[in-house]
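Shown below, as structure tokens, is a lone chain in the form predicted alone; questions about how it binds or moves come after it.
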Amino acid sequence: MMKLEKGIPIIDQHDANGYWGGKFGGNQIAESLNYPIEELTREFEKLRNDATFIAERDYYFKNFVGAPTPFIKLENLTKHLGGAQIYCKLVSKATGGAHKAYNAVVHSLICKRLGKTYIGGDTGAGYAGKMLSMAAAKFNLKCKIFMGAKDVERQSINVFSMRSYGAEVVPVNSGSQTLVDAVSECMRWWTSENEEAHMCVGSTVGPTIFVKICAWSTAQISREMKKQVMDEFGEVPKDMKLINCVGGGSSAAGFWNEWIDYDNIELIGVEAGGPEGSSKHAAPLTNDSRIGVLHGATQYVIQDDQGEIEETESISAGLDYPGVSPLHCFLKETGRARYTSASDEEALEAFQLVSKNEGFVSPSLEPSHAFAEAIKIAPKLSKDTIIVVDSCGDSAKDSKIIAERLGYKI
């Protein structure tokens, strides 16, 4: 069994070839990308230990992203369900409405340090693209966003925002026309443009350095929550469960980062189980998946017997991805995190219940999957158990989808 080392940041627990547990991750990329990957790796390893860079990052996290985001008890939902006490880390109150702002800021700062004026990125739900376009505007960078044509249609609100901030949005019409194809097209673009442009991968996926930068950026979530937990309880609760949705895995990596060494805290990741009664899903860690290579990294991938990537399906564009971060594969294999899934219908029901009981919290369809698991397990647990759900995105972008599913006309 793979071993997780205590006291060492999880982003650094890879071998010399970039594999976590000697098995997940790596840099299986075109030869033409070796130099830009090496350049970015050198720059990041220098900057993450540079006091001036960290101070600059923290300044923009506070004054641009809006850190710290709220940590609140969901009193009405707790009373409604009974059992465990339910809290929420309301990351959706970050600028732009989601956790993607942290990664966008860090990549934009790195882009400036590299002396480049052009930044490109991928997006599914639109939040990674929206936040990158906002950060690019803030730091005076040209910006190009690749997005599956299907997602351009179902996340039209965020597409409008990206274009409003001056970004060029490129619809990707190949494959399933979703996030997986957007990432592929973005990487192809960077292969030919890397001398002038920097690439921001929107989640903890891709070659090792992109996994590390994204997880290092979103770790802000757990850093500030650790202080908030101490302020609320005076100590780390003896029985705490941290529940997060998992697509690529960026918000969960950040939400769990500071808590990985605490054996009394259970980490629960919730993937997209897809529509009830359908064979399609986006849950490679939960369902019968194989280890394969996607976007330059070895991971659990939804694929057929010939190794071809299979199409996924989820009500949530942000979770609609056939692979998952090497970090989460590593956490699964070590037994440190438990993974499950919620169906489209369960996520939609969770959205309704949370919104009805806690008006201040209106989760997007991604964290609604995490709330579905909390709703499922809370009544079975003691009132001494603390559940914290990361509400990593706001429902505004999903209003059209939710309304149509609930039979309302906008």
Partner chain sequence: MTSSSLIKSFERVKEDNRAALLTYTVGGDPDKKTSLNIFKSIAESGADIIECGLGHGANIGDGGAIQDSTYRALSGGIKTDDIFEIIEDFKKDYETDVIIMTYQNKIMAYGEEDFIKKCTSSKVSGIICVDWPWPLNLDFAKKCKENSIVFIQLLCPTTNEDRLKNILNDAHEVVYYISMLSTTGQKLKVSSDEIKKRFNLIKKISPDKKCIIGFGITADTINDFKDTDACVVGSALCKEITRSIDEELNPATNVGNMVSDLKQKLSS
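Residue numbers count along the first chain shown, from 1. Small disclaimer: the values here were computed from a predicted structure and weren't measured.
Only in words, not in the display: the form predicted in complex with its partner chain, which the text now covers.
### Message
in the predicted bound form, does C111 come within 4.5 Å of its partner chain, counting heavy atoms only?
### Response
Answer no; every heavy atom of C111 is more than 4.5 Å from its partner chain in the predicted bound form.
### Message
Please tell me whether any heavy atom belonging to R188 falls inside 4.5 Å of a heavy atom of its partner chain, as the geometry stands in the predicted bound form.
### Response
Yes, R188 is a contact residue.
### Message
Whether I29 contacts its partner chain in the predicted bound form should be assessed with a 4.5 Å heavy atom distance threshold; does it?
### Response
Heavy-atom contact with its partner chain at 4.5 Å: present for I29.
### A137: touches its partner chain in the predicted bound form, heavy atom cutoff 4.5 angstroms
No, A137 stays farther than 4.5 Å from its partner chain in the predicted bound form.
### Message
Please identify the residue among S174, S278, S156, N264 with any heavy atom within 4.5 Å of its partner chain in the predicted bound form.
### Response
Result of the distance check: S174.
### Query
Here the chain is shown alone; which of T95, S184, S289, T340 has a heavy atom within 4.5 Å of its partner chain in the predicted bound form?
The residue from T95, S184, S289, T340 that makes the contact is S184.
### Query
Can you pick the stretch from 298 to 306, 278 to 286, 198 to 206, 219 to 227 whose heavy atoms fall within 4.5 Å of its partner chain in the predicted bound form?
The contacting stretch is 298 to 306.
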